[in-house]
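A single chain comes next, written as structure tokens; it is the form predicted alone.
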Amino acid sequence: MQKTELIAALDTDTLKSAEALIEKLKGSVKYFKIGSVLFTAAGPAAVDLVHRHGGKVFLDLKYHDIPNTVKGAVRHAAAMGVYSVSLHLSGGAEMFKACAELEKRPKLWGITVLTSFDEYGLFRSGYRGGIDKTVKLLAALGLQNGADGVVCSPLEAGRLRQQHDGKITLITPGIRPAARGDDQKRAVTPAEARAAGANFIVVGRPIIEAKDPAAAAAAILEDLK
């Protein structure tokens, strides 16, 4: 079975709180997600912070624009030295091709369907094929046009791994150690995500909101075993 790495989401409002979390997780977590909240608040300083502590950055800004614009954004992300970036696969083949042809670039992780969607929510957004079919088609588009990994719910991960003969890197958000009443509609436990074939799991609130973030991360890592 593949190894599954934990990415801790730095979904905090300030650099100070992000650094406090990094320090608590030091030694157990090496990958950190920087999303739109922290990056909007602190900019590239957030990336520098993770690097100063020896971590790797998944820059999760979910690029979705015309090819030339996204290519420029990915070029700047590469200059910051991030490990990976996220791009919406619905941005199309040309957008991914433009980024993949960069000589120096981070890993391109293509987003299929956000884990906050259920079938009805996706339908209301204009997608008529259902979650499974939409994820399958978008994942294939990404892999054919330079994506290094696919972001999907763990509920779709197993099918994607089978469809692509295991030759796929899967990044799965929507991880919850136990049932929680929040906006994640398609969530599973860390162990279930690993069993489904996830190479990376992204975990935010279960760690951030824990009384002891280090213990919460340790429990997740133990579950991954």
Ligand code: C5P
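Just count from 1 along the sequence shown to find any residue number. Note that the structure is a prediction, hence the values are computed from the model and not measured.
This next part talks about the form predicted in complex with this ligand, which is not shown.
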Tell me which of 191 to 199, 44 to 52, 60 to 68, 24 to 32 has residues with heavy atoms within 4.5 angstroms of this ligand in the predicted complex? 60 to 68
Hey, in the predicted complex, is P213 touching this ligand, heavy atoms inside 4.5 Å? no
Would you classify S84 as touching this ligand in the predicted complex, given a 4.5 Å non-hydrogen atom cut-off? no
Interface membership of L114, this ligand in the predicted complex, 4.5 Å heavy atom rule: yes
Is there a non-hydrogen atom of R176 within 4.5 angstroms of a non-hydrogen atom of this ligand in the predicted complex? yes
Interface residues of 192 to 225 toward this ligand, as seen in the predicted complex [heavy atoms, 4.5 Å]: V202, V203, G204, R205, P206
